[in-house]
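A single chain, nothing else alongside it, follows as structure tokens in the form predicted alone.
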Amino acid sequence: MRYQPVMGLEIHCEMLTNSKVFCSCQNEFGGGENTRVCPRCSGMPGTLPLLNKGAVKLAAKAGFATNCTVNNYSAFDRKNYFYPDLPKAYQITQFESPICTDGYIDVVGGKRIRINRIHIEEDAGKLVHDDYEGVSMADYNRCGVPLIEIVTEPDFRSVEEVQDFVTQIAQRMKYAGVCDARMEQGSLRVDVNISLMPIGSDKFGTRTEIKNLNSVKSIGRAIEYEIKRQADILDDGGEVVQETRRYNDSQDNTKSLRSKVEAHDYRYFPEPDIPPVVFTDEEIEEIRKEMPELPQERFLRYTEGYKIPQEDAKLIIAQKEFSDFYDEAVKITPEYKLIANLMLGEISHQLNDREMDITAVTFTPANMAKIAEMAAGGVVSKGSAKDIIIIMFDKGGEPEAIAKDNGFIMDNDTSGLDEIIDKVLIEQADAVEKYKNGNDKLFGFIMGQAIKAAGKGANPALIKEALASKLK
């Protein structure tokens, strides 16, 4: 590869307010076309915008979640352009004075990606294309949905850095309560600006913008395709055209949408109908105090406080609801590692097999805590703990009752255990001889046969102790 890719991101996040940003229409995904539209968000003459205070507060929380400065002063502007999904022919946004500036996130490899700004704006509508009839229709339900746009510096040099950054943004926005980050529904969308420069050069090439990428996988594939496309043009002696492109996931290519415009083409000017947003230092501090625990903070609590392995901690925090379930369970009993193992093991396995989310399970974190307590206290084996989880998925019920009804309560009576083990040692004489000749791995096999012979209520710890004594 003779070229170094240079990339910057613009990430649009729909904020979790009850109503839209400049009117009282419901802010909700889906529904019939044009059923959540009013004169204000459809741009009817004589209407005036009314700023949603909740959206401003969420934008400030997004700034805290990304190490930004939340500014005391921010103001709105009009961005003028014509497109069928924008009935006013301008978008209310923040240009000169955004609400948040100068943030950062550290990505894979410890590299720091700078965030230039976070600003508030309204979303546009959506065009619905009917290829059969050859027409396009406008659905204005999304007009006026409150957005933040997170704009980075062109600090990315690899696909992995971009994907890690987007993953972290999605997590942080969800944990902060700013956005549900459902990329498949479009509530978090990513625009990638990408150019190539020769290896060793410090002069950026001509950039293109890939619009509205809605999955981490698509982002990676789109970047890889665009790098190859631009490299082929440069290798052939051509020039990359500055333009906006769209990625087609099914065809795995990008296609030109329109020429890329500069800021002056939008004829920005101050929004005359919305006064500036002014925060006192005390108000900013109050919002900061309301911030919930973020994923990076939970990661430290899990790894440093609970001594959970880093990879396990990453898996737990990857989904907020999963992490919340874990947190509620460990509040009841401090079996941090055992609960983590059961959740990342059998519970994750069952969720994947059943194509379920943790929010859909019928048992509670308290049930999870009880299973862990029973396993840690020797009431049931760890294998039986997994069986209890499966039964709760299938039929529900309380862990203690399930354990009793299915014979999972471990029998700590050692009488008769020697006879069972002696019988297994005779039946597995070949394995016993090989073990005594140095094949230590066969101990697990022999123990498994002993547990099987003793029955599901047997205590594995007692069997292991007795077996080890007899195999000396």
Partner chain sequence: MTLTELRKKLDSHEIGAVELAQDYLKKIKERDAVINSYITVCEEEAIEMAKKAQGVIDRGEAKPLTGIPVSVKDNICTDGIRTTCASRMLEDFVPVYDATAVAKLKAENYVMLGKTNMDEFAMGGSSQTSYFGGPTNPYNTDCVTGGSSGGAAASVAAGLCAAALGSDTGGSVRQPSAFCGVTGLKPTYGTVSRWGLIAFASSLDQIGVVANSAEDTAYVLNTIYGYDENDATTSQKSMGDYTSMVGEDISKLKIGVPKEFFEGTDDEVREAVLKAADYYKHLGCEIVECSLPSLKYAVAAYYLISSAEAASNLSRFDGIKYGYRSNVGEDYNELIKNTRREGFGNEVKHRIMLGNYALCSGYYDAYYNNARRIRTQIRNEYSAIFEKCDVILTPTAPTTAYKIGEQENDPVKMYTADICTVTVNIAGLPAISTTCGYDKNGMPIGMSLTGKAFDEKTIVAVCDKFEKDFDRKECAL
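Numbering follows the first chain given and starts at 1. Note that the structure is a prediction, hence the values are computed from the model and not measured.
Keep in mind that the form predicted in complex with its partner chain is missing from the display, and what follows is about it.
ask   = Want to guess which of 424-432, 402-410, 57-65, 37-45 is within 4.5 Å of its partner chain in the predicted bound form, heavy atoms only?
value = It is the stretch 37-45.
message = Can you confirm whether 83, 88 and 272, the three residues that make up this candidate site, all sit within 4.5 Å of its partner chain in the predicted bound form, judged by heavy atoms?
response = Yes, because 83, 88 and 272 each have a heavy atom that approaches its partner chain to within 4.5 Å in the predicted bound form.
Listed residue that, although its partner chain is not shown, lies within 4.5 Å of it in the predicted bound form (heavy atoms), from 268, 393, 104, 336 = Result of the distance check: 268.
task = Select from the listed residues 232, 398, 153, 96 the one whose heavy atoms reach within 4.5 Å of its partner chain in the predicted bound form.
result = Comparing distances to its partner chain in the predicted bound form, the residue within 4.5 Å is 96.
ask   = Any of the heavy atoms of residue 140 lying within 4.5 Å of its partner chain in the predicted bound form?
value = Yes, residue 140 lies within 4.5 Å of its partner chain in the predicted bound form.
query = How about residue 420: is it within 4.5 Å of its partner chain in the predicted bound form, going by heavy atoms?
reply = No.
ask   = Though only this chain appears here, would residue 78 touch its partner chain in the predicted bound form if you measure heavy atom gaps against 4.5 Å?
value = Contact check for residue 78: yes, within 4.5 Å of its partner chain in the predicted bound form.
ask   = Is residue 50 a contact residue for its partner chain in the predicted bound form, using a 4.5 Å heavy atom cut-off?
value = Output for residue 50 is yes: heavy atoms within 4.5 Å of its partner chain.
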